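The chain below stands alone, shown as structure tokens; this is the form predicted alone.
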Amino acid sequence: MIELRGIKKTYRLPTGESLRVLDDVNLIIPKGKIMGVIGRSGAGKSTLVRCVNGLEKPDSGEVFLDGQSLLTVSASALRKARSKMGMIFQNVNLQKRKTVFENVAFPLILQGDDKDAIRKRVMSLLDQVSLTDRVDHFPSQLSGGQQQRVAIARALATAPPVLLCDEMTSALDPETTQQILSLLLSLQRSLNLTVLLITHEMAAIRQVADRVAVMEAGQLIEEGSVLDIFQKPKTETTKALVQSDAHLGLPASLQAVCQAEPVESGYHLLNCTFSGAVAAQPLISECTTRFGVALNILQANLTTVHGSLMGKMCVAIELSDHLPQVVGFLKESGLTVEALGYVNRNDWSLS
């Protein structure tokens, strides 16, 4: 288990001004789980992971690995602790003049393993990342995804129980990203790894993470299980990240005329989130039949979050005396309902 307590970090800018990049961050990364840390550029994510592996020393706070403080131990104890953490970067940092085999073998050579043990370990890892046919190739002969697979194998060479991933897929195309994330999830499960995944891509969190922490301006503003965060985001930043991943949002024509207060005649706009068996229930048609009101699905998305089916839809409900009952029925049926506002009938347009 990794635990961060009260981590603060400030950089001194060339202008002489101070920039606080981590502001009292507290976070627990459970053993054998994938913790995703997400936020926009400049949120402090990369500095956070550098504090975990000791590349940066926080101004104050504590970093614990399995109960041992990494900020107060001796230099030799710190090196030993670092050996328990593999690191994968956005830029793979492979040695260009070394082959795939030599790149993966490098950490094992540094720790003094014999040649036979090194070869056995390297070939086993290359088999796990599906690169045994590239063993004698150089990095320049590999695709971006293949280079990242080599970096993953190298990070796991010394069998660390912890894997730190800093924007490992941000330079890859969507298809390759999916492949690398699937590989990461497979390795995490087979090796029981504890993974800290730093990313700005909510889709990566949705695909592999068990828990997620959201950062903004150096602070941890929200944290919880992936399903809870996707279903019930609390902060505006998290809501925006979830919405962008689902590719949902009001059409611009409706955003321009949407009002916060009820209108006399028109529509009530809602965002509805649901998961599991609720996705198979014909709730929209049942609302129409039961309450006699028109519901218009403006946008909808169905996906998988941490192995559970989850959907989101943006609906417009015709204003009537039955509106409170309709909203109540949706909530009682297991939907999370967020009111977006009201649109006057005369302003209604999807063009």
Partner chain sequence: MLTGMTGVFLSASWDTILMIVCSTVVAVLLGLPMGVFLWGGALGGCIEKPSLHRLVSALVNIMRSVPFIILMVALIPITRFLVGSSIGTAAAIVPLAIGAIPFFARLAHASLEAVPHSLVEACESMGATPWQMISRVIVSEAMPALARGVTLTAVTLVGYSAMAGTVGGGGLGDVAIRYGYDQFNMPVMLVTIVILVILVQLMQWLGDWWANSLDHS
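Positions refer to the first chain, counted from 1. Note that this is a predicted model, so its numbers are computed, not measured. Think of the rigid core as the biggest set of C-alphas that the two forms share within 1.5 Å after superposition.
The same protein also has a form predicted in complex with the partner chain, omitted here; what follows describes it.
Chemist: How about R82: is it within 4.5 Å of the partner chain in the model of the complex, going by heavy atoms?
Modeler: Taking the distances in the model of the complex, the answer for R82 is yes, it comes within 4.5 Å of the partner chain.
Chemist: In the model of the complex, is there a heavy atom of the partner chain that lies within 4.5 Å of any heavy atom of R50, even though the partner is absent here?
Modeler: Answer yes; at least one heavy atom of R50 falls within 4.5 Å of the partner chain in the model of the complex.
Chemist: Indicate whether P107 is a 4.5 Å heavy atom neighbour of the partner chain in the model of the complex.
Modeler: Within the cut-off, so yes.
Chemist: Residue-level question: is A294 within 4.5 Å of the partner chain in the model of the complex, judged on heavy atoms?
Modeler: No, no contact at 4.5 Å.
Chemist: Please pick out the stretch from 222-230, 127-135, 172-180, 88-96 that is in contact with the partner chain in the model of the complex, where contact means heavy atoms within 4.5 Å.
Modeler: Selected range: 88-96.
Chemist: Going by heavy atoms, what in 142-160 lies within 4.5 angstroms of the partner chain in the model of the complex?
Modeler: Residue within 4.5 Å: R154 only.
Chemist: With both forms fit on the core, is the shift of the CA atom of S76 between the shown form and the other one 2 Å or larger?
Modeler: Yes.
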